[in-house]
Every structure is written in structure tokens, then in C-alpha cells.
Ligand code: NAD
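Before any questions on how it binds or moves, here is one chain, the form predicted on its own, in C-alpha cells.
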Amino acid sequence: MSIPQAKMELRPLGNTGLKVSSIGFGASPLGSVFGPVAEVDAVATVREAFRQGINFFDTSPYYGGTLSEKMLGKGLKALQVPRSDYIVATKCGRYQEGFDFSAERVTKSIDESLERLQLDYVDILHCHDIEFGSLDQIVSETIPALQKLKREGKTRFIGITGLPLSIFTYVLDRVPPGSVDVILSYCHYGVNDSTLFDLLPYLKSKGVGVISASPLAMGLLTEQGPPEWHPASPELKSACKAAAGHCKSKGKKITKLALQYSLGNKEVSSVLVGMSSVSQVEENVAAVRELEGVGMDQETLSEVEAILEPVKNQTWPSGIDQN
């Protein structure tokens, strides 16, 4: 039974040959990390995302202590469409119990993930938040282990993820060309921080596809504001709160503006957004459609950029995070 799919812009992902939807489905909320999500709602959310043209789904064994993978697996199975109709990324190396980038652990990890996802292979297997491990181990041990998994057909492509942008150049400069197919960066391509932009020519020169996550800067760019644990400085939190308030006073939503800003650069193949309800899917897709149709609200964007100018590109150290 095929689900009629709405059209959405598909962008090439580096040299992989994959074409991913401009907005990707971040499945961490399905692991109930931001509040409980019932299985029936998880399945409905995945179905609605697919129906709306989203073909790229991202998860990790770390999200919700494996719950996200299980829920996403159930959602994808319920679609009852050919496996080639959707693209799945999961991760290895970061778990509820801590970090382990050893060849032995990541090799075991993919088998566990495939079982939870009810899949024979994933399209992308990322090393998750590599700044918490030894980058030299990633280069000399983890990536070679993932290449073996690629040869075995358990993953089609290999990626690395993390917060500091320097980790990507460190690894990519030290592995043979073509060893890493994709990078996933978060919180560095948004209205408040666009430092990923400067790295795009380098990544392109390496033939690496670029996925950007967290266009809302882990909750900074929302009306309700970031969670308690958010590591941003008080100054940055305060500026983002002012920007959100300004949008609200004009009857606009900062979440929509922030998402559209992140989608604006086509060198970024997909922008991952966490979703855990049908209404969130609808809201995110509506923002994409509006951007494709009438474009950005440039006036409000300029005003928000002016408010955020004093804290532009201010980041925070890796530590407590929910990526």
C-alpha cells in the first residue's frame, strides 16, 4: 500500500548519491527525552512526516536510552513502503551508559541498532559526538571499523557528529579521502550562530555531505525559551528571549523564522528538526512550503539579526547537551 507523498525539495548529500529532503526528521523526541510520547503518536508522526515528503530520518541509540530507535523502527515499519523510499541515519559511540568508540563496541552497536530499527541496513552510520572521545582513536580505529561495516552492507555511508567545528577538520585532514561521507553539525547554522557557513567550502572540497541540526539552538530560539540545562551564557539567553518577544509582538513566530533561515542555504543538504507530533510536522512543513513559495520575511529577519548582533556566533563548550 503506497502512501501518496507530497513533493518536497530533495537536495544531494555530498558524493553519496542520496537525495535527502531539505528538512529531516529528528527522532530524538520519540525517545521521550522532552516529555512522554506514546507509541501510537510516534507512529502517526513518522507517517505524517513521510506523507508530507520528508524522506530522511535521524536517530541514535543514545536518545531515550534506545527508545528513539525502537519507536522510529515501529513508525517506519508501519509505512509499509519499499525500504528505498526513505533514508535512515543512526549513530554509534554514545550511549546512555557513556562513550565507547572502540571498534568492538561500534561493531556490536550497529547490530543492536538494526534490530531495534527492524532494518537490514542503515543509510548513514555516524560516530556520535566525537569530541567526547579521542579524535585519534576515531581516525585510527573507529572509522576503519565503520568502513568494514560499510563493506559488509550494514551501513551505506559513514558520518561524524559533534558540536565544535574543529573536530571535523581534524578528522577529515587525517583520514584517506572518501573515508567519511557526511558530517552532522548542530547549533552552528542558525540566526544566532552561522559559523558553519565558513566551513562549507572546505567540506565541499572534501566531497562531504552536510547535515545541520538544531536550527532553534536547542530551544534558545523559541517562545518558551531553552530548558534549564542549556549551556548558553546568560547574555545569549537574554538576547534570544528578546528576539522571540520581538517576533511575538509582531504576530510572528521565531521558530518559523529560525527554521527558514537555516533552510536558506542549499549547500546544507538537510536541516534536522526534532518532531514528536503530527501538529509539529505540519507546522515545520508549512514553514518549508512558505519559504519555497513567498520566501523569507526579510524585515523581521533583519530586526531579529540586529537584536542578536551583540551575541552573534557566541557558542558554548560541549558538555550537558541533548544532541
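Position 1 is the first residue in the sequence shown; the rest follow in order. Since we're looking at a predicted model, the values are computed, not measured.
This protein has a second form, the form predicted in complex with ligand NAD, left out of what is shown; the following refers to that one.
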query	finding
Answer option from Ala213, Val210, Val122, Leu236, heavy atom within 4.5 Å of ligand NAD in the model of the complex	Ala213
In the model of the complex, segment of 136-144, 214-222, 151-159, 242-250 with a heavy atom within 4.5 Å of ligand NAD	214-222
Whether Ser28, Leu184 and Leu272 all lie within 4.5 angstroms of ligand NAD in the model of the complex by heavy atom	yes
Exercise: Gln280 in contact with ligand NAD in the model of the complex, heavy atom 4.5 Å	yes
Ser276, heavy atom within 4.5 angstroms of ligand NAD in the model of the complex	yes
Contact flag, Asp58 vs ligand NAD in the model of the complex, heavy atom cut 4.5 Å	yes
Ligand NAD contact in the model of the complex: Asp129, any heavy atom under 4.5 Å	yes
Neighbours of ligand NAD in the model of the complex among 240-265 [non-hydrogen atom within 4.5 angstroms]	Thr255
